[in-house]
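The data below hold one chain only, encoded as structure tokens and taken in the form predicted alone.
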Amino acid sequence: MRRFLLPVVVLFFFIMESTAVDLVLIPSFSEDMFYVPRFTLLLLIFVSVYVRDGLAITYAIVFGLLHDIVYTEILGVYLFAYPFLTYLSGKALKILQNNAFVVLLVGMLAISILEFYVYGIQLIISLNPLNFYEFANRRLLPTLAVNSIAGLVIIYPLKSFLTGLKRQTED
């Protein structure tokens, strides 16, 4: 039963990415600003830090492919980005201290890299009418703000859940 708990939690975060946009209205954002919840990537980075790198990369491959299938029209964008960013974040946090603040900071850096990566791909295939200034002000900053707040809210419950899960699997 315990082995199915983590996939269910990751699937819950994956579903929450799309529903959070409809459920959470931020009044301080203007109408032309929008944010992209990256809860799954944050969770995968937490799994990389608090459980195991290999398990997090496996989930990153599966949920990156699922993200491509469900949310985008191009296969491979998130399939490549999620495992790569999870791997880099996990390795960076092996070198750095893995306290909650540093983990959240590395998570925001990973989300920034993901947003620039997706923006670059959209520019190459000309799907994105935003110039860089509009991208930074209308998408990147609100995305980082929302994901930072979400990360602050979920990091301590997830840290205790994931360390408890790791302890149970080691026994």
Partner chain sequence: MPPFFMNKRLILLLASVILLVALIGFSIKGDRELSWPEKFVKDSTGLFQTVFHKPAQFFGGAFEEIGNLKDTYEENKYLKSRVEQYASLDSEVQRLRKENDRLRADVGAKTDLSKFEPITGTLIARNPDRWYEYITIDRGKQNGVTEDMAVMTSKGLIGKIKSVDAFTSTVQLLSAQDRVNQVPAIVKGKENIFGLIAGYDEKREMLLYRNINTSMDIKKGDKVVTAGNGGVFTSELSIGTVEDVQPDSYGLTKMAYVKPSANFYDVENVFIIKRAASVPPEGDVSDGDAEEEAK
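No experiment lies behind these values; they were computed from the predicted model shown. Residue numbers count along the first chain shown, from 1.
Note that the form predicted in complex with its partner chain isn't included here; everything after this is about it.
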Quiz item: Taking the shortest heavy atom distance, is E134 within 4.5 Å of its partner chain in the predicted bound form?
Solution: yes
Quiz item: Is R138 close to its partner chain in the predicted bound form, meaning a heavy atom pair under 4.5 Å apart or at it?
Solution: yes
Quiz item: Just to confirm, T72 within 4.5 Å of its partner chain in the predicted bound form by heavy atoms?
Solution: yes
Quiz item: With the cut-off set at 4.5 Å between non-hydrogen atoms, does I111 touch its partner chain in the predicted bound form?
Solution: no
Practice problem: Could you tell me which one of A145, L105, L55, I121 places a heavy atom within 4.5 Å of its partner chain in the predicted bound form? | Solution: I121
Quiz item: For this chain shown on its own, do L23, F34 and G76 all sit within 4.5 Å of its partner chain in the predicted bound form, going by heavy atoms?
Solution: yes
